[in-house]
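Below you'll find only one chain, the form predicted on its own, shown as structure tokens.
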């Protein structure tokens, strides 16, 4: 039955409704009905709402989740979060999320589960494709853009997975153990930014424990920090099956438990009658649920129609902005349309364009590069390798027994021989490779960073007979590249959604200039990752011993070489930076007076129109506290600049950009030291730097003849 638009309800009116519910009804209300609905009591004025999975497309299931996780209505498959983060584009992410919200309205869905803003602690996390970044600032900014776009349509976002959900192994039972500084510097800030900048209507409590307590029962984070400190005023919902103690969850601030039998309602009733759980606390949870239900139903639109063809173009535009050019020796890209081009690899015809598990989207519009180049007579195709082992779906009982590795994808000599024979005659070979869904999935972590042996073998064999090789990667997380010196071009496309065929074709042949930047570091090998010795943990205890030194914070501080640094990305054109200026007046004497304004002029000095991503880091030269040498604190993506055209990019820094958590003060404070404002092209390529002293209170301008213009 379709939802009906509800009238606006005040908190007072909602509390009046709750006061008329019986204890049994209140307990029932705090548990979801089936897999996707909230409870309803029509005679008492309590309607229900419908929710469904995201975050990169609408996964509204026709049947209950136990039937088939892939049994969902047709919808647009947008680029996965690993890809949209590579766009570094708040505006396009907002637009795509808004489009997703309209699809939700058209399909009678009131809440979409997303975005995922957990940190990418290790490349091995099986669900990295569903998260944005290893950096909390980037994840927070892009996550806020997503929530604002989605909720502009009246559909609620449910930000997940709060928090420190950094692995899939033992995700139901493991405890993420870390100190308060690590929490406050790395794992909480993205959620804080989204809450304060976008006001999400719902937050999802994760499966895992934090410091020994399940998140669904963790009052410190769900109530003290989330609600009291950050001002969150929405509904907290458990991840599906994450609640172990219903009364304990209510007491901690988890309002709605999903995917649990109503037979556990008796636990709440018993706890209230015995005095272990106050009925006032239960009422509070009911009010939070109904505030959410009435707010979404008040904004319900029954006349919205989804235009999937139009939405496909929105997905395409976002993906075009997300493709990252990693290598382009000899300007092999873009490829002239007059050259004989050989496409290789099963992914060229059957692309890996989305994540699996609970984020799988049903679409009939997925395109491949083989399909989108079929009218180009100079483009041919050879398979090169087969699809390999296929994993069962997440809800298949066999899934939990199914584990494979890169070596399970055996090279096919016949297919490789055919590919090599054709490669000898081609001007350029474009090999599509990466990670099949069976190697990275919700519910299972990767065992290493390797690509399938069949993919690597194809690249190595073709590179021996043709020196003009381009590799197009389709994957949700970093991979090793043992063949990197043997190929001239590499495109990182991540998981680009259903429009991947058009977008990748247009980048390959120059109709689109790639402007994506890596939202994570690509190490040479997984053993280089700072969490390597501690990842997965032991006996359900996972120690975050690397502290705040994750991702580029570790590599840059240690001066460790990496395959590709955080923020890296090339272009078909060139950009020059000039006129670096800083206005630091706002920080002198009064923190409330404002922040620092940083500006730089970006000029396209090449021959092709393109977009540039300006990255601003705060560096630390001298400080009594051991800190990363630099941290991202601002970024902006230019408009499409024509050759010779310029744009002045302005980035604002507030006091928090220079602060660090102090466990004794229980606050972010400024430590005396010498800092730098750095304009960069990536975490290792600093273009401009200006020193700023901090005296333990507020940053102030520093007299130095070598400074740029500082007002």
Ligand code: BGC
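Only a predicted model underlies this, so the values are computations on that prediction, with no experimental measurement involved. Positions refer to the first chain, counted from 1.
Below, we turn to the form predicted together with beta-D-glucopyranose (BGC), even though it does not appear here.
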Do residue 658 and beta-D-glucopyranose (BGC) share at least one heavy atom pair within 4.5 Å in the model of the complex?
no
How about residue 127 - does it come within 4.5 Å of beta-D-glucopyranose (BGC) in the model of the complex, if we only consider non-hydrogen atoms?
yes
Closest heavy atom of residue 113 to beta-D-glucopyranose (BGC) in the model of the complex, within 4.5 Å or not?
yes
Look up in the model of the complex whether residue 59 has a non-hydrogen atom within 4.5 angstroms of beta-D-glucopyranose (BGC), and give yes or no.
yes
To test your reading of this chain, name the stretch in 238-246, 609-617, 135-143, 636-644 whose heavy atoms come within 4.5 Å of beta-D-glucopyranose (BGC) in the model of the complex.
238-246
Heavy atom within 4.5 Å of beta-D-glucopyranose (BGC) in the model of the complex, from candidates 184, 446, 300, 160, belongs to 160
Which of these residues, 307, 177, 229, 442, gets a heavy atom within 4.5 Å of beta-D-glucopyranose (BGC) in the model of the complex?
442
Can you tell me which residues in 200-226 come within 4.5 angstroms of beta-D-glucopyranose (BGC) in the model of the complex, by heavy atoms?
204, 207
